[in-house]
Structure formats: C-alpha cells, structure tokens
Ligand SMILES: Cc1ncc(COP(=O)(O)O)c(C=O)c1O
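Starting off, we have a lone chain in the form predicted alone, written out as structure tokens.
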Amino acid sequence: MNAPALTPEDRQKLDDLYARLSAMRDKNIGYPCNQEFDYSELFRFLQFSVNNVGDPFSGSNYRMNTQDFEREVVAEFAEFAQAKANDWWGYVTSGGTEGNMYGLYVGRETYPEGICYFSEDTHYSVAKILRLQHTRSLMLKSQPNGEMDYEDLRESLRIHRDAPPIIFANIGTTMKGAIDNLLTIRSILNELSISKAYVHADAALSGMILPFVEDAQPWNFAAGADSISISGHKMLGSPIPCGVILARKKHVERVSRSIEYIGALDTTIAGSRSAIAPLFLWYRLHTLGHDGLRHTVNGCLERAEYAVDKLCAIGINAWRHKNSVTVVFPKPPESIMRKWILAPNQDICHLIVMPHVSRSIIDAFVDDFASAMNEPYNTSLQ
C-alpha cells in the first residue's frame, strides 16, 4: 500500500515552516539552545518504534531500546560531575524540568517532613514542581548578582531547625548565570550542626561548561551535591529537548519499585521514555570527544567576553559571571526585541553565547543595538 501523499497546500506549510525556522536560527541568541549539530547519520533509526521504558540499568521486556547507549551517556555525565564509582545512578530525561523534579522527588522521599529552600532567581518551574509534589518550601532572597543570599539561608535554617532542609542550588541561574556555591551551603549546614540535609543542583547549562574550565566553582558531587540535573539540548545540542539526572545511589533506592509488566525497575519519572534522545547524546559525545567539548566550551566563553566588550564599547553596561556564557545587559529597545530572539526579565535582558553564536552574529546584534540607541531605553542596570 502506498503511503498517502500530502496535498500541495500541506507541503507548502512544511516548506514555510522550514524557511521560518531557518531565518530565525542566527537570531536565536537569548535562549541556551545550541543550533549547531548534524545528526543525519542517525536518521535511519527513526524508522523504529524504540522505547527506553524503565530503569536503564535493569533491562526491560521491551527490548527495542537504546538503554546500552543510555548507560554510556549517563556514565560520561557522572564522570563530568565527579561522581564516585558505584555511588551514583542516572537516566536520560526529557529536559531540565524533569531532572529537577526527580531531584526534588528523591529529596522529599528521603526527608518527607523536609522544607525545600530555593532562591528568588530559581527557574520558574521549580515552584510548580514543589506545588505538584506538595513539598513545604521557602523562597530565599538573592544577592544582586543572582546568587543565593547565604545569610538568608543561614537564618532560615536556624529558624526551622525542626525540619530537614532540601536545598535547591542553582548552578547558573536562568537570567544572570549565577552559581550558588555548594561548599558555602555545606559549610552553613555544618556550622548549624544539621546532619540530615539534601542538596540538589540545577546545572542545566553550566553542567556542561564547568567540567571543561580550569578554575570551576564548586558545583558537583565532590562539592556536596546529592543529585544533579544537566540539560542535553543546551551546550551539546539536540533537536529533541533532553537531559540527564544523576543521583547518589542510596537515595534512588528509596523510590525504586519492581514492575512485572515491563520486567524492569520503576525508578524514573516517566514510564515510556525517548530512546532517540540517548542515541543523539551518545553520538554527540563520541563525535566531539573531551577535547572537542573543551574547545567548544572555551570558544563560547571567549566569545561571551567578546560580546561584553563590544556592548560596553557602545555604552551598554554589559557583564557576565566567571565561567558563564550568559551576557547580561539592560533591556533593549522594542525594535531589537522584535528582530532578535532575546530573553527579557523586568529591566534586564541577556544573550547566551552558544556554539552557533559566532562573532559575526554578535557584531550584527551590537550594530543593531547601536543603531537603535536613539530610541528610549535604559542603558545601565539598576
């Protein structure tokens, strides 16, 4: 039987979509989605209905899966995050929100009476997750640079000493790229003699940056994390949103259940999971290699500093954190917001220098910004 053909009108819709996305590619500088990748070698696998249902380390009755590739992927991410051998577990998620949901879920199961502490610069999805899980929570103040206010954390922990803390740490905040220092957080817990505590690290973007720099801020398992969420479609790049969650094995054992129907352990958030996303991540890791990843990250950091210098040269007060590809500046005039895909928040905005954001793209953006400077806007951050 021949496959039904699309009508000319339907084909035109697809062509129009392709043209629209192609035109926007180089203007997409405000969100951390790498547009530079080529997975054409893997397109042949799209003819199979593959599914990574269940725990990637326990096997499954549904053998049309890529769990062997998934195990390799999470093992590499565990190495990046300095997890101790035989002391970690993980799987490929649908993205950062699922990773954070898993970390907070395991934290809540570890300490059912706990209180989750997160700063006001935390990603919007975290408050939603906490509502869904009915976890007690307390929002902390942030410092002006976006980092957690550690004095507010200390005082809040002191007041609520009766409840174990579940601390949500940002390893690169959404708007400013600020990193909450895990060693500082752990030292506060030790100072207050709090032995029962869980620390989740949201390293969506920076989790694929910090392993490849010379002087990384404390962010990983070695610095005191109990679980870490890292995105796959950000620095690595993927047409499918995805990520990796890693957690200490002793915590995951609290939520593990055996399911006869699928012949696997139920340790993940989702039942059916993408088997294509792990394949993409495996391919990307193996084609780039550690040297290629380091080169990619350092190139982005160098171009981020270039963007800061170019913006400052035209009178825009731009800045970025150490080891961050997020360049922060006052919200531009409306003409710039319409032409470029940027991420605003109140009176600030940012561009994120991903691998596809070249110097020429930065130059074009800065030239447009300079031309629009006669429009009313605020050139300095509050």
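Numbering starts at 1 and follows the sequence shown. Only a predicted model underlies this, so the values are computations on that prediction, with no experimental measurement involved.
There is another form of the same protein, the form predicted in complex with the named molecule; it is not shown, and what comes next is about it.
Engineer: Decide yes or no: are T97, H123 and H233 jointly within 4.5 Å of the named molecule in the predicted complex, with each residue judged by its heavy atoms?
Structural biologist: Yes, because T97, H123 and H233 each have a heavy atom that approaches the named molecule to within 4.5 Å in the predicted complex.
Engineer: Answer with yes or no whether D180 is in contact with the named molecule in the predicted complex, where contact means some heavy atom within 4.5 Å.
Structural biologist: Looking in the predicted complex, residue contacts with the named molecule do not include D180, since no heavy atom lies within 4.5 Å.
Engineer: Is the gap between A204 and the named molecule in the predicted complex 4.5 Å or less for some heavy atom pair?
Structural biologist: A204: contacts the named molecule in the predicted complex.
Engineer: Going by a heavy atom distance of 4.5 Å, is G172 a contact of the named molecule in the predicted complex?
Structural biologist: G172 belongs to the contact set for the named molecule.
Engineer: Exactly one stretch in 244 to 252, 186 to 194, 225 to 233, 67 to 75 has heavy atoms within 4.5 Å of the named molecule in the predicted complex; which is it?
Structural biologist: That would be stretch 225 to 233.
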